[in-house]
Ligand code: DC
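Below sits a lone chain in structure tokens, taken as the form predicted on its own.
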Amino acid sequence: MTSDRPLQVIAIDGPAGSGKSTIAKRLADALAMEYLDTGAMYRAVTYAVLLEGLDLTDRANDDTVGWIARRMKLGLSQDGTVTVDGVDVTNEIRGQRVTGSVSTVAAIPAVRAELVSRQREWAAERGGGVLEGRDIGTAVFPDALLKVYLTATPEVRALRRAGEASQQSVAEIAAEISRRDALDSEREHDPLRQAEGAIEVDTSDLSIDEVVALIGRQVELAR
């Protein structure tokens, strides 16, 4: 569905463990809007690439990775189900192997170009939505109705990830988060950073309801 009304996009960015997915889902429900986890899109491409056995450390494979991103049929349901070429990969894309490689795949320009295009198309079809990721407010929708950058202390972020039924120790998760932070913030294309005009919310000592209410008030002010 399209109209002449400006897109009502709420951009939620931030590093791993800052609460993006939980907050974005709850916020979308509260605002009666649809929700898109763009990180799941990059994870789905990573899963498809790993399935082909490609060496991600070999830059000569970047063109092939981009081709995989363009040709794959990607399904993202509001209940969180993710499919690749009709196969449910919801659990597989959250595994350690995909997690360890997703930042590398996400740094490939051809992958970013394809997924950013799909994200913009998704929002255009719906007249907006709540989108969460790492570059929504900086690259995908710099003119979003509201841009939010979520943060939390490294300790809180690691504990949250450990509580998501992870098989890794808190120390291992903290090290992985630190590595991903470095890769995401130092990549050449669309690095992780706070967008201009974004409100920063430290979720370390706030409840989910408190964060959702805070952002909801900002949405009302922006409309």
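Quick note: we count residues from 1 along the sequence shown, nothing fancier. Note that this is a predicted model, so its numbers are computed, not measured.
Beyond what is shown, the protein has a form predicted in complex with the named molecule; the following relates to that form.
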Of 25 to 33, 48 to 56, 181 to 189, 63 to 71, the segment with heavy atoms within 4.5 Å of the named molecule in the model of the complex is residues 181 to 189
Answer for Arg134 alone: is it within 4.5 Å of the named molecule in the model of the complex, judged on heavy atom distances? yes
Partner proximity in the model of the complex: Arg157 to the named molecule, non-hydrogen atom cutoff 4.5 Å: no
I'd like to know if Arg94 sits close to the named molecule in the model of the complex, meaning any non-hydrogen atom pair within 4.5 angstroms. yes
Would Ala106 sit within 4.5 Å of the named molecule in the model of the complex, counting heavy atoms only? yes
Full three-residue contact with the named molecule in the model of the complex, heavy atom 4.5 Å, for Ala11, Arg118 and Pro142: no
